[in-house]
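Here we start with a single chain on its own, the form predicted on its own, put down as structure tokens.
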């Protein structure tokens, strides 16, 4: 029996609006079904349930050993962060920082639902029939956090949200986060997905992000899942007047990794920067998909994605920019560049522009090729061996994207990872 057919008891079934929202999610997923190559948005990353090993939603609280990461407020950074820990798809409430600045609230999604605070936002940022895995996520809403930055406040250090899966777990990590920045608020969030080496599981994450007037969010993701893992994530972002959203994702190899951004620039002056890097060595699939909708005048977006693919791996970039009829004086740009280092590897790229307004500036571009043989030859004539020369050129190729990160300490950390 598939885990989507199991009769799973979830908390909160006595809350009518939550029970109704879950039912809408189940109906939407049943209508959509598992995405196949016939679905235009999934034609390069068709997903079959047979790829999964019947993962289970874990209800029992995990009694972690003393050396488990979640017991040590683990942080890989050489600078201060506030930490939120997930273990096997479950939130560890006890790790919420108790020294958060005034005006910053972090609470479990369950608490936000029971308090009634989540109802205003949950399921309000996207149409479930357009996102089958987000519909599935909605059907099993249970784990997650709500992050609220109040008006005119800022988070003085990054919030590090750490997701870890242990190798004995064959689990369905269904995570739903709400991120709300009120007017003139700012924050930095770093998400880190990782697992024990031999873990096999399915991560299905959805972030619903709401940025009010002049709010600013810096959002970084390091997807470093186990090789047998499947990872699907959606960032659904709503931006109001003069707000800005700056995101960066570093995708390492796993069985399937799809990171999707659905961004609505709703009001004048809203801006989004969506950049990413992927690097594949074996037979994994990396998919970065964006859909940025300019719905008002004088809005701005820019995307830069670079990848390196070797072995029998596949890299996918799908980028859509939509300019609504009234969205005059807007700018929307996207560029994808990839290195294809094997005859067995594959790159699929689909840039799209939908322009329904005059007086706009839009561009898109895509390139794919091998390492420059003249550059390789030049370095070898200077005494650099072939393997070192290849690594230097690959690093230089990817570094351009990381250099766009505005925060120097986070930029330096990511440069060490490529």
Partner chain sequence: MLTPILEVKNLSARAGDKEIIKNFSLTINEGEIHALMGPNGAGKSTLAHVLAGKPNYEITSGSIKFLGRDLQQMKPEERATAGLFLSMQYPVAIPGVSTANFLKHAVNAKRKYNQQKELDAAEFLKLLRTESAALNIPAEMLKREINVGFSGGEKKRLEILQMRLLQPALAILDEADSGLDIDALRIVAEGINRLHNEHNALLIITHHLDLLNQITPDFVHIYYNGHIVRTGDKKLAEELEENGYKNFVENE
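Positions refer to the first chain, counted from 1. These numbers were taken from a predicted model, which means no experiment stands behind them.
Not pictured, yet referred to below: the form predicted together with its partner chain.
- With a 4.5 Å cutoff on heavy atoms, residue 382 counts as touching its partner chain in the predicted bound form.
- Its partner chain is not drawn, but in the predicted bound form it has no heavy atom within 4.5 Å of residue 10.
- Remark: residue 374 counts among the residues lining its partner chain in the predicted bound form, judged by a heavy atom distance of 4.5 Å or less.
- Residue 393 belongs to the set of residues with a heavy atom inside 4.5 Å of its partner chain in the predicted bound form.
- This chain appears without its partner; in the predicted bound form, the one residue of 40, 354, 386, 370 with a heavy atom within 4.5 Å of its partner chain is 386.
- Proximity to its partner chain in the predicted bound form, taken as heavy atoms within 4.5 Å, picks out 374-382 from the listed stretches 361-369, 29-37, 374-382, 345-353.
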